[in-house]
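Presented below, as structure tokens, is a lone chain in the form predicted on its own.
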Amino acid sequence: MTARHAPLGGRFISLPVVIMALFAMVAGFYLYHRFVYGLGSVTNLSDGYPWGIWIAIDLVVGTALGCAGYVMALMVYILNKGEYHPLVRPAILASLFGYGLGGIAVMIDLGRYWQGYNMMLPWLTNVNSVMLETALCIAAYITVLMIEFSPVFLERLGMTRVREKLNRFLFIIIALGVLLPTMHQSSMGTILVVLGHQLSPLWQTPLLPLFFLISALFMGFAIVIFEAVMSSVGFRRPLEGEVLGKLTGIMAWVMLGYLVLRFLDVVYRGSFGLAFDGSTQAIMFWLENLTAVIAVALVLPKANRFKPHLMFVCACMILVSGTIYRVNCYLVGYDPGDGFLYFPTVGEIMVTLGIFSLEILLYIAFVKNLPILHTPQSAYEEEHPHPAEASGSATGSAGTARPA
């Protein structure tokens, strides 16, 4: 059946919403102290560790989770796989929140946040800085995502003519929506290449830009599957099992290719022996990769890819693996020298939890009030009956329930 989009409706307040709102409020308390009294009042950052979990998790991992829209744009608009089109809107929403809140995390982490606009001033920019390229690309991509998502608001407001005019130029925006993540996700790996010997040989490699780009791909696929299954269970909606099963297979093969390349690289550089020295870095290396191996093994048999519980577990494990990989690169594998240690404070952890809680709260609010999640044609017609049918029968004019 043809897929359309409609708001879920229903009440917003629930126990999970209240709990996440409390996390966001606690985060607000620590953010007050951060902005009033400085980074030192809330964080364990130092000259040796100029970035902590606000960068490693909120930004580096958060933007990878925000690559859902990136991979769906690749599948639907570049590879012309129209069967995945029902997943595009929620994917773009996930990207908008992932990148938007990642951008907020950057401003929180900046020591002189009030001068953050300086990177936009040509006479103050360092054109040789990979961090500048990353920051500008992320800022541009957030703008692109806003434009990509704007048809949802236009549809909700009934501005059909404006939406039709926008559609004429949307292909340019979509092209930018594929180009920009390709640039800045690889650049996040390039930043680490610059660290040289400060990054453990288990992760330091000239292939870091490629690894970060591939990890963005499989994490993007994984968050699409995770989000689809969770919304199906949480909102009691039908699951697109066949489409998600095919997507799970693609994700597994991308992950498998990454693992082969990752191990070949470590072995070729003569660094594989470090994985057996019993250090924290060695343990985290195996945790990162064994999680991915188990995830791929779960769905390599084709029949397993279409089992909802297995595709969900696989997606979760790949998200965990990708998260650990990026945290390993930015924190665990990073060694600035003797005298510097870092472990996040309670305040840092609560701000991170608050940011992700806010993202979930906004997601629930948006899908309940905007046409984001798809609904089968039959359910859509029950919700939006044709005018002739509505006036011609008592059944058509009666109120109907929201799609399950």
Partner chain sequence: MAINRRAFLKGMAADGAAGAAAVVTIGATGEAVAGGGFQRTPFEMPADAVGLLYDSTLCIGCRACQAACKEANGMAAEVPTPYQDWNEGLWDSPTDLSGDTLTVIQVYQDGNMAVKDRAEDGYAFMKRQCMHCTDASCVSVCPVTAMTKDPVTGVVIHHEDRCIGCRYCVLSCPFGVPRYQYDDPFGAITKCQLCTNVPDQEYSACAMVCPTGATLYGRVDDLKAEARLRLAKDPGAEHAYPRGRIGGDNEPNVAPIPVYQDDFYGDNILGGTQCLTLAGVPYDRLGLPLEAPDFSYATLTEGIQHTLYRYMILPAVVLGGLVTLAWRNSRRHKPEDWD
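All values reported here derive from a predicted model rather than from experimental measurement. Residue numbers count along the first chain shown, from 1.
Keep in mind the form predicted in complex with the partner chain is missing from the figure; the text below concerns it.
Heavy atoms within 4.5 Å of the partner chain in the model of the complex belong, among the stretches 353 to 361, 61 to 69, 48 to 56, 22 to 30, to residues of 48 to 56. This chain appears without its partner; in the model of the complex, the one residue of 201, 100, 241, 257 with a heavy atom within 4.5 Å of the partner chain is 201. Scanning 110, 294, 275, 313 against the partner chain in the model of the complex with a 4.5 Å heavy atom cut-off leaves one residue, 110. At least one heavy atom of residue 128 is located within 4.5 Å of the partner chain in the model of the complex. Proximity of residue 116 to the partner chain in the model of the complex falls within the 4.5 Å heavy atom cutoff. Of the heavy atoms in residue 279, some are within 4.5 Å of the partner chain in the model of the complex. For residue 249, no non-hydrogen atom is located within 4.5 Å of the partner chain in the model of the complex, even though that partner is not displayed.
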